[in-house]
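To begin, one chain is listed below as structure tokens, in the form predicted alone.
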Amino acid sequence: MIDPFSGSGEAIRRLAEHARKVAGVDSPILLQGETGSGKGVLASWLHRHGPRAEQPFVDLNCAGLSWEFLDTELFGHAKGAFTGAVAEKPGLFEVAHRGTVFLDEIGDVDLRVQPKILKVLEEKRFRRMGEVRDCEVDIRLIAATHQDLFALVGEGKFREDLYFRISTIPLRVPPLRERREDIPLLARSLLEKLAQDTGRAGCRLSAAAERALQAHAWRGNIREMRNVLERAVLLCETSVIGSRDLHFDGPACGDGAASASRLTLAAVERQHIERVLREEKGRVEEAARRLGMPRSTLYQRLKAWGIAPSKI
């Protein structure tokens, strides 16, 4: 897992200082930052370095979830509570008892569910759907959002009392454009893991590639960087990734980059497998070992694509 404090820039130093101060407290924490900036990574770090580290860490992305689904996911339901409820289901708050619940994109939580979350925080209890008795629960809440929750309060889309309850300790996760000096270190850390996962250990970035990464806008932040580096690892023909191997998404890309970025994952995977087979001179067992997949799976892929290993 990537270190949420990789780098030495002022923005990340300030975040690290604040996070270390509050990791040991039990109050709710609100992580604010753009999509893909690493809020989930920071939430996990806060749990691991807090007093509940040995207890469960349960996370849920609330974006786009219906209120009915969200309600049963968080609070559970009794058997027969509704059509299809053929068994009792514990909710995530119950599963995370004595641990941490991380609610990503809490700004998307329906107004009908928000009072029940508030009750958990203030009274440490809730009621499953279809039951008449309350369940007691002890959790620490970490919430995250890319939205302006205070503006949502003004629009009547988010409860004011819940906002003040979850924002006891606000932490802002800076976007990559505010920490450009940290980009090479972050990229090397991501690349090392990606190279190992894809059987291409030893891949590294050229100086020109690192400069190109620093110059990019990174609207998708760390998540976008991971995609760019994964694509480069899979498509690069050598162990050194140059600036021409980096294909950025978005309107600023050149024709070649845009074409590469439109490749499907299946197409990228096929190119990578074919290259590994060429490097292993058609030896399927060695290629499968490098790719980290069973030999039988590799044979199935090759058969589906109509590829004969001996002719690679």
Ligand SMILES: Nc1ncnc2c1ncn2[C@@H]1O[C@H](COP(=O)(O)OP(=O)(O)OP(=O)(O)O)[C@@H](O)[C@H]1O
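Predicted model only: the values in this text are computed from it and were never measured. Throughout, we count residues from 1 along the sequence that is shown.
The same protein has a further form, the form predicted in complex with this ligand, not shown here; the description that follows concerns it.
> Pick from 66-74, 280-288, 49-57, 32-40: which stretch has a heavy atom within 4.5 Å of this ligand in the model of the complex?
In the other structure, the partner sits against 32-40.
> Does any part of residue 92 reach within 4.5 Å of this ligand in the model of the complex? Heavy atoms only, please.
Although this ligand is absent here, residue 92 would stay clear of it in the model of the complex, with no heavy atoms inside 4.5 Å.
> In the model of the complex, is there a heavy atom of this ligand that lies within 4.5 Å of any heavy atom of residue 166, even though the partner is absent here?
Residue 166: no, not in contact with this ligand in the model of the complex.
> Could you confirm whether residue 212 comes within 4.5 Å of this ligand in the model of the complex, counting heavy atoms only?
Because no heavy atom of residue 212 falls inside 4.5 Å of this ligand in the model of the complex, the answer is no.
> Is there a heavy atom of residue 222 no more than 4.5 Å from a heavy atom of this ligand in the model of the complex?
Contact with this ligand, yes.
> Since the partner isn't included here, can you check whether this ligand sits close to all of 10, 143 and 170 in the model of the complex (heavy atom within 4.5 Å for each)?
Not a single residue of the candidate spot has a heavy atom within 4.5 Å of this ligand in the model of the complex.
> Which of these residues, 203, 236, 186, 137, gets a heavy atom within 4.5 Å of this ligand in the model of the complex?
That would be 186.
> Quick one: of 128, 159, 116, 226, which gets a non-hydrogen atom within 4.5 angstroms of this ligand in the model of the complex?
That would be 226.
> Mind listing which residues of 87-119 have a heavy atom within 4.5 Å of this ligand in the model of the complex?
Residues within 4.5 Å: 104, 105.
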